[in-house]
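Presented below, as C-alpha cells, is a lone chain in the form predicted alone.
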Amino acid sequence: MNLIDSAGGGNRLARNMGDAYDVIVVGAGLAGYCAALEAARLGASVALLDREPQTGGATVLSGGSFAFAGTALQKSLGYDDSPALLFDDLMRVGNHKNDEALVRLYADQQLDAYEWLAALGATFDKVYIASGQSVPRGHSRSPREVLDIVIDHATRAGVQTWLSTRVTRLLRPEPEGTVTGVRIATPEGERDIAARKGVVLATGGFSRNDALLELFAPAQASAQRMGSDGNLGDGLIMAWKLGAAFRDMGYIKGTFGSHVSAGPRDHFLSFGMYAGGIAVNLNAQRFTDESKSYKLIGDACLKQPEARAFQIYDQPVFERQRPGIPSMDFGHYLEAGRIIRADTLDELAGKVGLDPLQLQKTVDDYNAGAACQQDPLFGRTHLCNGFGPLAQITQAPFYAYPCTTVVLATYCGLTVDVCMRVQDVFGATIPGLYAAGGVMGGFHGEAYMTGTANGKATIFGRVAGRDAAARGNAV
C-alpha cells in the first residue's frame, strides 16, 4: 500500500493505516477528493483508498470541461446563461428520463461549486460550446491541474490517501443494517477498516469491464474502450451485493469522435462537427444530424460500415478551433497527423480512401441546405444543439478526421437520493453508504451534456462528503 505524500509528489511506503476513520472514501478521482475534502473540513477523520498506484481515475482522462451556468467568466465573454436554462437543457438532453431532483440539485449548486473551486485556486479562463449545451458553458482547464489543487487542500485538511489499496467488500454486519466499513486486500492478506459515519463510493464507471458492458450494453460491442485501469465497476458490484438499486443502465452509449488509432488510455476526441463540419461514413454519405449529442451520433456511427466515420470540414471551420481545449484543438491534431489536410475535396477523398464523386455530392447537397439554414436530409439547423448558424463547406484547404465511437464512461449506476445516500431495490436507504461521480446513476438520463461528468463529480462529491461527516451514528 502507498500513502500519497503530497498532491504533486510521488508516493511513499505507508506506515500504519488506522483501524477506524469517521469517513472512508473509495476512489481517488475528483468525486472522491471533493467528498474527502468536505468531510475533513467538517472535522471528520478521512481515509481515501484507491486500487491504482496513482491518483486521477477517469478524471485525468477527461477533456477537462466543467458545465457551469451564469458564471462571471461567461458574462465577461457575452454569454447569457443561467441555472434555469442549464436545468432545462439537462432535462431535454436526458429526454426527461433523468431524476429531476438530482438535476435540480446540480443546477442549484453548480455556481457555488464554481466559486468553491476558484477559492481553492482552480480558476477557469476558457469557455466553449459542446454537446447538449444551448449556450457556451464548457469551462475548460487541465483536469490534472484541477484535481491536484483539490488533492493538495484535502491533504492539508488531514485526508489520508492510500493507493494500491483495493477495497474488496463493504462491511454490513446486519442484513438491513448500517455499512460499518470496508475490507481491503493487502500483501499480508485481507483486513477490515471501520467507518464510524459512512463510506463514500467514488469508484467511477465500468468502461474497462467487458463482462459488465456485455451484460448492460451489448450494443456497444464494436465501440472502442477507454478509461482508467480502475474503471472496473468495483463500487457498483460491492453495492450490488448489498441490494443496491441501479439507474440508467439501459442508456449506456459511446461517444462519437474518438480517433481510430486511440488506445484505452488515449483521449483522442475531436468535435469538428460542432464547429460546422459534417460526418460521413465509409461510403462518403452523411448518416445523422451532426448537431446532436455525441452520444446519439455515437450510436449512429456504430451502425455504419466498420463503425467508422470521417469528420469533413473546411478552413473556416478549422479556424474556429480552440487551442488548449483538447476536443477543439484542431491544430494540435493536425500536427500529430490525426487530421488529414488537402487542397481539394477530390484530393482529400483520395488520401482517406473515400469515393471522390460521392464525397463531392454529399458536400454539395449539404451546402445547398446550409445556404437556406435547413438541412433537407437530417433536419440540421445549427452547429451544436440550437447554437450557431449553418455554414457551407467551400473554402480550401479541406480536412478529414477519421473517427469512431468510444465507451469512455458509462454514465449510469447506483440509485441515490439528493444527499447521495445509496438506495436499495425496494427504495430504502442503505444506511452509511454514499455514492458520487461516475458510479452513480439517475443524473444523465438518455444522453449526456459535455462537462457534467466533472461537474457532478465536484457537486455531488461535496454533497456526499458533507452528509457522511454529519451522520451521528458511531460504530
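When you see a residue number, it is the position in the sequence shown, counting from 1. These numbers come from a predicted model, not from an experiment.
This protein has a second form, the form predicted in complex with a small molecule, left out of what is shown; the following refers to that one.
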item	value
Heavy atom distance at most 4.5 Å to the small molecule in the predicted complex, all of Gly272, Gln311 and Pro397	no
Partner contact for Ile24 in the predicted complex: the small molecule, 4.5 angstroms, heavy atom	no
Contact flag, Arg421 vs the small molecule in the predicted complex, heavy atom cut 4.5 Å	no
The small molecule contact in the predicted complex: Ala36, any heavy atom under 4.5 Å	no
Partner contact for Ala457 in the predicted complex: the small molecule, 4.5 angstroms, heavy atom	yes
Candidate stretches 413-421, 57-65, 39-47, 426-434, one within 4.5 Å of the small molecule in the predicted complex by heavy atom	57-65
Residue (of Arg144, Arg92, Arg104, His267) lying close to the small molecule in the predicted complex, criterion heavy atoms within 4.5 Å	His267
Option touching the small molecule, based on a heavy atom within 4.5 Å in the predicted complex, out of Gly257, Gly230, Gly277, Gly181	Gly230
